[in-house]
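Each of two forms of one protein chain follows alone as structure tokens, named structure 1 and structure 2.
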Structure 1
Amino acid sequence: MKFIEATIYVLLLALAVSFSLAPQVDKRVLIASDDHNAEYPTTKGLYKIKEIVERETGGALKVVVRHSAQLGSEKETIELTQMGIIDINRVSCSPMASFSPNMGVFSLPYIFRDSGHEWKVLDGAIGRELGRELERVGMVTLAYYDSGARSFYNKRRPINKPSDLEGLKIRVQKNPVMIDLVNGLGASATPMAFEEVYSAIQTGVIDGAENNPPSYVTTGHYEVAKYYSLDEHTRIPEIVLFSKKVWDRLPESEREIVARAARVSQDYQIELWKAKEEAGMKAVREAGNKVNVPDKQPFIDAVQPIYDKYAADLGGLIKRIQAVK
């Protein structure tokens, strides 16, 4: 039954995309997807790709950006990218682990020491290597985007050390690593749909959650969870993908233009993200919330069992990332 529903979904989406672009359905139009709204930094990154591609091809190659999850959830759009129905797709690296297991290394807590370390890895040999691995599953990596660092917030108390999390119910994504992380730090990991978090904190169903500063503000969670502890436990990058089926049909000259546009968009998106983070933190402090920056080392020590658990599959890659200076 699920297979039939999925097949119907793909057929309907393909028809919707075709009709929405008629009469230009000859693949001189590229469909770009993002699940964030039009003003979000990642979506603006895709619009930068559109701007450059259309300018440098003299309008011969068009890009249509479908934002706000118009084309489905991240998992659905990844599958549609493999099929060649979506041409350009921005998603988190987190779900990519289901398609290429080594991508799961980016979800490990404290795998990156800081933002500088993260971008040395992503822009270096490791980032390029993991990007190339996706070609085996039908996707070409164009760029990585920034999504900042996720930290804990709650309505009870500041989190200065791992033991401060004990007894707290913390909402997490339905992700095994995140569940292991929160439980390993002594809290009670509570998987929950994102849209339910505000009311759940407000009513005491949970005590808090974890996310980056812009999301903490735009969701309104800062209104009901006044303690924000910047432990920066994960920095999961975003990735911009291109359908290999379509990529292989593009002339070399157009592939070069798209690749160059994506590189420019990466720098552009990073700057937009920095500005959005600064604005988010300004709003948090102006609201009178309690912000603290704990020493990370006790947290890093506490999550070592998670590294032991995943070392068999990712151990070599973990050591290579940690060795990047």
Structure 2
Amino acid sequence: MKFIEATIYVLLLALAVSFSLAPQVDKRVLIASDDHNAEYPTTKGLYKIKEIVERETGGALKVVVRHSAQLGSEKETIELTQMGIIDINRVSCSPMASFSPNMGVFSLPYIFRDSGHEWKVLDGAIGRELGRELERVGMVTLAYYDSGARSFYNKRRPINKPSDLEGLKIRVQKNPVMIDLVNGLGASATPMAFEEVYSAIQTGVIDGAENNPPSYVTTGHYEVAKYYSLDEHTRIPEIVLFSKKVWDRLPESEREIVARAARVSQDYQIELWKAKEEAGMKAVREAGNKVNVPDKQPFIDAVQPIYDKYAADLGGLIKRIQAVK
């Protein structure tokens, strides 16, 4: 039933979007999607792409940004991108693991030592390789964006050590690694679309979730889950994708413009991100939320079984990432 509902949803959305594009069937208008609001750094990155593409093509190619999950949850928008209905899509690399398993390596806890290590990997051979692999599933990688570190928040208690998570229902993104991570730490993982989390916490369906400070604040989750425990278990990058179906039909000159615009937007997004992270933490503290910074080592020890579980599939990549200095 769920599958049928999801299929009908995707078809209806496909129809709706195609009709809204009816006069531009030759794709002179590119639809760009993001699940955050217009002010969030990732969405602003898409607006930067729009600005450059429209300027450099002299308006021949237009970009319409649909933010705030107007086109559906991340999983749905990824499917619409494969179909060529969404042209440019900014999502987290986390749900991408269900489409291209190697992407799951970015969701492994503490895989990156810090932000510097993360960007060396993303900007280097591994980032390029994993990005290119997405072409097999119908998407061209244009850029990675910053998403900082994700930490737990909940409405019950501060998490100082892994055992404090026991018995808590924690929402996760739809990604097998995230489910294993949260269950492995003793909580009960509840996969759910981002847009449903606020009311699920409010009504007590779940106790909390996990995310970076800007997401914790812009979604309002910080109003309903007051304990924020900065264990920083993952650093999952954001990714900007282009539908391969559409890409293959784009003239080479326009592909170059789009690719260059995305590269410029990456630097811009990273700059915005730093300020947004600081502003996010400031807002959390000003709201009187309880923030704690647990010792990370017990968390690092507790997640080792996940590395054993994924060693067969991701072991080579894990070693290569760890070797990046």
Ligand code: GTR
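Computed from a predicted model, the values in this text were never measured in an experiment. Numbers given to residues start at 1 and step along the sequence of structure 1. Between two forms, the rigid core is the largest collection of C-alphas that superpose within 1.5 Å.
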query	finding
Structure number of the form predicted together with this ligand	2
Core fit, then residue 152 C-alpha moves 2 Å or more between the two structures	yes
Displaced residue check between the two structures: residue 253, CA, 2 Å or over, core reference	no
Is_shifted residue 295 between the two structures (CA, 2 Å cut-off, rigid core)	yes
Rigid-core-fitted C-alpha displacement of residue 228 between the two structures (angstrom)	4.8
Rigid core superposed, the C-alpha shift at residue 205 between the two structures in Å	8.8
